[in-house]
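Before any questions on binding or motion, here is one chain by itself as structure tokens, the form predicted alone.
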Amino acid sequence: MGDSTSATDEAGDDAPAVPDIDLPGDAFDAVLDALADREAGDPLRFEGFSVARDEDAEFVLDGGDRRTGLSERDLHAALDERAPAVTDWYAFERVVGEFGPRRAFVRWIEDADGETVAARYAALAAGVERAWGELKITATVTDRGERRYDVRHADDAGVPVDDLDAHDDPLDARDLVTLDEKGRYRPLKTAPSLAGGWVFPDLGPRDLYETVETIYPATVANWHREREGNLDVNHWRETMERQSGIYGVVKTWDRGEGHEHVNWVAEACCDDSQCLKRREWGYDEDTDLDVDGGDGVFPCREPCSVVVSAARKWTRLESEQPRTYEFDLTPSEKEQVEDIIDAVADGRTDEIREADTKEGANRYRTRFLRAKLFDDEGNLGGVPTDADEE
């Protein structure tokens, strides 16, 4: 059992304790394999020390006190004393694997690029929590230095695992994201409508990545591209210009009259209340939109299929010529119409109680307004709609 000390230990009685870590045989074998692949004298570096083979096939440990002529058994004993650093190397170099979005994501969860091994292991022993959209991810470490992850809906934080539907296969997430809590299909996987009641309680790093990418497709990959400065953003104009078939009509919405219509689209579809991504695309490369892009941790690199589909409908609707209609409404009725539009747009209709007739969008008040103002043909104020001539 390796004993570890850190600044965390010295910070006071309230600081998390660094756990004792056993050196697993797999980790030690991985060190030997890595040294076998190196030239004699080429060190394998860990936090705070390094190890190399010498010309006599013995080992050298350099970390303040240089130790030479170590046998394999001596090396194992020395590395067991430094088990946190060795298992940390093993976790990322061998278990997580190559540099890329998966490795960056796992390291981000435990702030591996900003904290020492000792500080991270102390935090992991207590549980490190990260938010990713509506997910709550809790990372822990075993006494062998293995990372384990609990993934669940943020609303289920603190709920015992036995009270949730437990899963261990990342592919199970495909069924969990299909419908919202009311059983309605979710066309946009990054909408804030993810149903809860489930948990992946014991995932390894690779399965963690697959689970998160299944729940929120391409979010980790695009987050990593952005961090590396390689996020390829496709703006509104270039995205619409490449539409074809039934979606080709959206090209006609850009009439050289500014981009206010795109502001309306972004406000309708891309607000944080509708999508958890942070919109990075604008009207074109030189023109930002005038509405906020959101605060999500992962970026949106182009107008998605939901935006394109909605834009197709709005292109047709916005091609109609304005008409002037006259209705007689009381001030309260005008405000009620505004309340109804707001409630529908914000998805609040289910929150309005039937008995709460103070709410303009209350069902009974709305039915009363319809009974009063609609004629037998369903025309508001008895005024027929003047359709555009084809």
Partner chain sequence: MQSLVIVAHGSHLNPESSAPTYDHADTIRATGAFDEVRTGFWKEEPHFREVLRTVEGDEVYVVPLFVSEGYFTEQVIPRELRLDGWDVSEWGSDGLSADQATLVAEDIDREVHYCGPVGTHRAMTDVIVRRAESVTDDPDVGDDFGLAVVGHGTERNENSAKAIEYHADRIAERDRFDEVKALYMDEEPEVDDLPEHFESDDVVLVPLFIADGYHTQEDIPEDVGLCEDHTEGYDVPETVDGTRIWYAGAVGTEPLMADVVLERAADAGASLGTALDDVRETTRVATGD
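Numbering follows the first chain given and starts at 1. Keep in mind that what you see is a predicted model, and the values were worked out from it rather than measured.
Omitted from view is the form predicted together with the partner chain, to which the following refers.
Asker: Could you tell me which of 96-104, 109-117, 160-168, 316-324 sits within 4.5 Å of the partner chain in the predicted complex, going by non-hydrogen atoms?
Answerer: Selected stretch: 96-104.
Asker: To verify the annotation, which of these, Lys189, Arg144, Arg130, His153, has a non-hydrogen atom within 4.5 Å of the partner chain in the predicted complex?
Answerer: Contact check passes for Lys189.
Asker: Looking at Glu210, Asp80, Glu280, Asp271, which has any heavy atom no more than 4.5 Å from the partner chain in the predicted complex?
Answerer: Among Glu210, Asp80, Glu280, Asp271, a heavy atom within 4.5 Å of the partner chain in the predicted complex occurs only for Glu210.
Asker: Any chance Gln243 has a heavy atom within 4.5 Å of the partner chain in the predicted complex?
Answerer: Because a heavy atom of Gln243 falls inside 4.5 Å of the partner chain in the predicted complex, the answer is yes.
Asker: Consider Ala218 of the chain shown here, and say whether it contacts the partner chain in the predicted complex, taking contact as heavy atoms within 4.5 Å.
Answerer: Judged by the heavy-atom cut-off of 4.5 Å, Ala218 is in contact with the partner chain in the predicted complex.
Asker: Taking heavy atoms only, is Arg227 within 4.5 angstroms of the partner chain in the predicted complex?
Answerer: Result no; Arg227 lies far from the partner chain in the predicted complex.
Asker: Taking 4.5 angstroms as the cut-off for heavy atoms, does Thr252 touch the partner chain in the predicted complex?
Answerer: Residue-level check for Thr252: no, no contact with the partner chain.
Asker: With the partner left out here, which residues of 275-310 have a non-hydrogen atom within 4.5 Å of the partner chain in the predicted complex?
Answerer: Sequence-ordered list: Lys277, Arg301, Glu302, Ser305, Val306, Ser309.
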